[in-house]
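Just the one chain here, the form predicted on its own, laid out as structure tokens.
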């Protein structure tokens, strides 16, 4: 596995983890949790969006480099 492929995989897993943790924090907030849970949910969604933007820019920058 090349460094480019590993990097893309790592970004995808980070986005997935961020979304899952945001959903968990939002669920805890709806059950009567503190406002800190809402802050964690918004932060997680923001980081997921940031990671997606970073991943797209990374792919565009290294478009000519093979995955192998």
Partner chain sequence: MEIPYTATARPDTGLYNGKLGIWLFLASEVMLFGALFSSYILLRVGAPVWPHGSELLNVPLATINTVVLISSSVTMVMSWASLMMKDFSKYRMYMGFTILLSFVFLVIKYFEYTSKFSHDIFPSTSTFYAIYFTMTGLHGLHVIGGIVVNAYLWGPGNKMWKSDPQRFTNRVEIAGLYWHFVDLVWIFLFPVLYLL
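What you are looking at is a predicted structure, and each value in this text was computed from that prediction instead of being measured. Numbering follows the first chain given and starts at 1.
The following text describes the form predicted together with the partner chain, which does not appear among the structures shown.
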Discussion item. My question is simply whether residue 21 lines the interface with the partner chain in the predicted bound form - judged by any non-hydrogen atom within 4.5 Å.
Written reply: yes
Worksheet item: Given that the partner is absent here, does residue 40 sit within 4.5 Å of the partner chain in the predicted bound form, heavy atoms only?
Response: yes
Worksheet item: If you check in the predicted bound form, is residue 56 within 4.5 Å of the partner chain, heavy atoms only?
Response: no
Practice prompt. Answer with yes or no whether residue 13 is in contact with the partner chain in the predicted bound form, where contact means some heavy atom within 4.5 Å.
Written response: yes
Practice prompt. Using the arrangement in the predicted bound form, list in sequence order the residues of 28 to 65 with any heavy atom within 4.5 angstroms of the partner chain.
Written response: 40, 51, 54, 58, 61, 62, 65
